[in-house]
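Just the one chain here, the form predicted alone, laid out as structure tokens.
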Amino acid sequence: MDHNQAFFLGNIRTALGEAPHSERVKSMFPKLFASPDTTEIRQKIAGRTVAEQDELVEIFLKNGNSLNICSHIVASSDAAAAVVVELIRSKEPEFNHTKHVIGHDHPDIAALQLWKRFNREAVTVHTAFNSDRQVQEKTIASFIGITAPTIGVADSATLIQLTEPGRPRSTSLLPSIHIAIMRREHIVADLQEAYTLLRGRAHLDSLVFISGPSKTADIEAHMVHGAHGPREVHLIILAEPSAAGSDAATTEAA
């Protein structure tokens, strides 16, 4: 702690009636820093029936529609791949004439096998491997980024994307179009449930909350999409059971 910091904290202690050099540690305020009991919330998430989960999906879709999230519900990875392939073929890059696509290093994205689907087309598919030193350049060149958000929040239509090795936040922020692939069971009711799941994750680095495409109305109150991030957000909801080894959010609730 430098002199300015010590001086500043000393003034605060004096204003609070404390000795100028007294120390305050967390153990002195057990109630303030106590972790909340989230057992009931975790049990609720883990015990949710398929019908209840489907209801959350409908709430998410309804709220997401008003935020310009284009949603697709599919029953298999092959069906998800078909949606992604159609989007890649039908959309055009904004800033160049070549089509580059980058996806997170995630089993649900790998299952799409996109590298097999463009053998005779001018489409280059990249994966954001943690060991790849050219990930930044590949991300900048890509007009579509594909991610697998950890959690979806129904009541605000928010995708929560964690930054992890092989899953940088740039994938959902730099490309003009963001495609998110999320399993149905990853959708929770509200932020309280989402934060409960996030508290159970160790080594949490950073995360991004995404509620629709980037937008601003700063200039003459005209709404513009894509000003500070993707101009389009497409959500593909996988309604099939989780594959073994997938990092489902519901695992954290067990």
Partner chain sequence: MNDYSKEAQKALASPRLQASLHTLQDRFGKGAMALWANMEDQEMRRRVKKSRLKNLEHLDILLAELARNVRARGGKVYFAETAQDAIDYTLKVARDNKVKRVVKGKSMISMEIGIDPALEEDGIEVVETDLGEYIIQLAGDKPSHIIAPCIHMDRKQIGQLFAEKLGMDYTDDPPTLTMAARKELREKLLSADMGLTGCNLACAETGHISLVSNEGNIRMATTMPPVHVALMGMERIVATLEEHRETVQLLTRGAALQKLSTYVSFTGGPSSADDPDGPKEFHLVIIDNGRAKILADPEFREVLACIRCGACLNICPVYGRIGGHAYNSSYCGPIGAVITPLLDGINKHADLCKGETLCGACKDICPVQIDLPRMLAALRQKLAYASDRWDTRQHNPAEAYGFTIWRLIITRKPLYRSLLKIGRLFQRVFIKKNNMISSMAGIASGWTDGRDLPPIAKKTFTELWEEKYRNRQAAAAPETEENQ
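Numbering follows the first chain given and starts at 1. Rigid core (definition): largest C-alpha set, two forms, superposition within 1.5 Å. Quantities reported herein were computed from a predicted structural model and do not represent experimental measurements.
Same protein, other form: the form predicted in complex with its partner chain, not shown, and the subject of what follows.
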Checklist entry - residue 121 near its partner chain in the model of the complex, any heavy atom under 4.5 Å? => result no
Checklist entry - Does residue 188 reach its partner chain in the model of the complex if we count a contact as any heavy atom within 4.5 Å? => result no
Item to check | residue 199: touches its partner chain in the model of the complex, heavy atom cutoff 4.5 angstroms | outcome: yes
Checklist entry - Contact between residue 39 and its partner chain in the model of the complex at 4.5 Å, heavy atoms? => result no
Checklist entry - Of 71, 76, 113, 156, which residue is found within 4.5 angstroms of its partner chain in the model of the complex when only non-hydrogen atoms are counted? => result 156
Item to check | Location of its partner chain contact in the model of the complex, chosen stretch of 105-113, 180-188, 78-86, 130-138 [non-hydrogen atom, 4.5 Å] | outcome: 130-138
Checklist entry - Who in 28-52 is close to its partner chain in the model of the complex, meaning a heavy atom within 4.5 Å? => result 29, 32, 33, 34, 35, 36
Item to check | Core-aligned C-alpha movement of residue 215 between the shown form and the other one, 2 Å or more | outcome: no
Item to check | residue 201 C-alpha moves between the shown form and the other one by 2 Å or more, core aligned | outcome: yes
